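What follows is a single chain, given as structure tokens, in the form predicted alone.
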Amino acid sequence: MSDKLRHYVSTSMFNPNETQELTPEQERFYMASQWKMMWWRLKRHRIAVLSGSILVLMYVSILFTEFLATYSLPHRHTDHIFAPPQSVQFFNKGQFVGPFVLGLDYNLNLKTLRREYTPNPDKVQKLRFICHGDTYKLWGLYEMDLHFICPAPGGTFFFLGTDRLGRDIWSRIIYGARISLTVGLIGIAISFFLGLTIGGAAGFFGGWVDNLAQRSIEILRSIPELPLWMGLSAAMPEDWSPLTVFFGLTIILGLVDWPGLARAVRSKLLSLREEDFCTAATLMGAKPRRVIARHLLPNFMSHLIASATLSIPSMILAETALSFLGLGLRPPVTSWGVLLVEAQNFQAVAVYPWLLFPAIPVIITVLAFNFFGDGLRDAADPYK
């Protein structure tokens, strides 16, 4: 070829003091902290954001349980035992009425001994919102009777039906959320304290401390979890108050769940303790506790948060399973596991399938935590 290749390299002198100016968008990205980059990456995970929003709504709702519940916890409808769910309707005979339910006509079938409820089109019961109903004490301090939704005066509203004592299942599910959701948080706090303390000491000091921690973890891991939970729960005295049983159960769940986290912390600290910044902090006279807390743990705190969100659903499921087996929380404490005790009778479930509705919030919560934890785990490494 006769034509020479065009030269695109700059022939000007290189100036090492000259810096390339960054655009505002580039500067915003390069100067962002790790937590901000995690947030940007998490926002792109739509399922995780949706799951996190659901979890926030559920945990905020437990602050206003009494307000959101249609009826108070001890309220019983003796005339509506095993009543089916009442569907919300808006139109009656072609006319817009607003949100309402149809009243139920009761009949006892003497052949099958089954309670039969039939919606009566002539009993139109309009629902009320931000209304006065059963009295309660908000946060145990303020006596109130305001509810988000109430039945018509003299009417009923069973969104998910009633149980064998005529108690509204929807209201009991809302009350049970307060116990079932907080069990996971308190249990994971205990588990994290033990996991970070034991795993951090094993990873930083090594030697006999590491051997002692590893052997303890192996002993706990060799015992099947469900029999261990059942044995510890059965050891709690029967004369304990429901509140004491609640705290005892959360401590048991926290004591059993820490080995996995301790091993993760140990393996990470074994690699980080050889880094230059850790050596520099030690040479400057920092104590081991300060080196672990201020220099080592913050380097993978995002991964610990992701691990926490993935561990909470296992504790919720454990509480549900133990309460379902009669070894966890007991009435008058109300949790999702206690509500599912009603579903132990398969014959009753076959006739009254709405007794299984308390399992729905358990499924939603566990899936939401898993999706949110998966998104946090991906966002924990924003450079990946």
Partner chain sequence: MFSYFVRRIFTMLVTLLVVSALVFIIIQLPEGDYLTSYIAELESQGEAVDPEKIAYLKEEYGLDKPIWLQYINWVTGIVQGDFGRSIEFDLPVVDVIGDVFLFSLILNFTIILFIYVVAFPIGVYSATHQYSWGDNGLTFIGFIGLATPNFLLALILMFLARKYFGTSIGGLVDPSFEGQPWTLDKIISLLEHLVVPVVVIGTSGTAGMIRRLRANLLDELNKQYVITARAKGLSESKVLIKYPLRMALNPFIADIGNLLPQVISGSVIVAVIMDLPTTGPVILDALISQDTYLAGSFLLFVSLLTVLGTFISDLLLAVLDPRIRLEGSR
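Treat the numbers as computed from the prediction; the structure is a model and nothing was measured. Residue numbers count along the first chain shown, from 1.
Same protein, other form: the form predicted together with the partner chain, not shown, and the subject of what follows.
Novice: How about Gln95 - does it come within 4.5 Å of the partner chain in the predicted complex, if we only consider non-hydrogen atoms?
Specialist: Outside the cut-off, so no.
Novice: Please run the contact check for Asp210 against the partner chain in the predicted complex: heavy atoms, 4.5 angstroms, yes or no?
Specialist: It does not: once the partner chain is placed as it appears in the predicted complex, Asp210 has no heavy atom within 4.5 Å of it.
Novice: According to a 4.5 angstroms non-hydrogen atom cut-off, is Asp134 in contact with the partner chain in the predicted complex?
Specialist: The answer is no: Asp134 has no heavy atom within 4.5 Å of the partner chain.
Novice: In the predicted complex, does Leu226 come within 4.5 Å of the partner chain, counting heavy atoms only?
Specialist: Residue-level check for Leu226: yes, a contact with the partner chain.
Novice: So, a 4.5 angstroms cut-off on heavy atom distances: do all three of Leu185, Ala189 and Leu261 pass it with respect to the partner chain in the predicted complex?
Specialist: No: no residue has a heavy atom within 4.5 Å of the partner.
Novice: If you check Lys123, His75, Arg115, Arg221 against the partner chain in the predicted complex, which one has a heavy atom within 4.5 Å?
Specialist: In short, Arg221.
Novice: Answer with one of Val49, Leu317, Val56, Ala32: the residue that has a non-hydrogen atom within 4.5 Å of the partner chain in the predicted complex.
Specialist: That would be Leu317.
Novice: Taking the partner chain in the predicted complex, which residues along 341-358 bring a heavy atom to within 4.5 Å of it?
Specialist: Stretch hits, in order: Ala343, Phe346, Gln347, Val349, Ala350, Pro353, Leu356.
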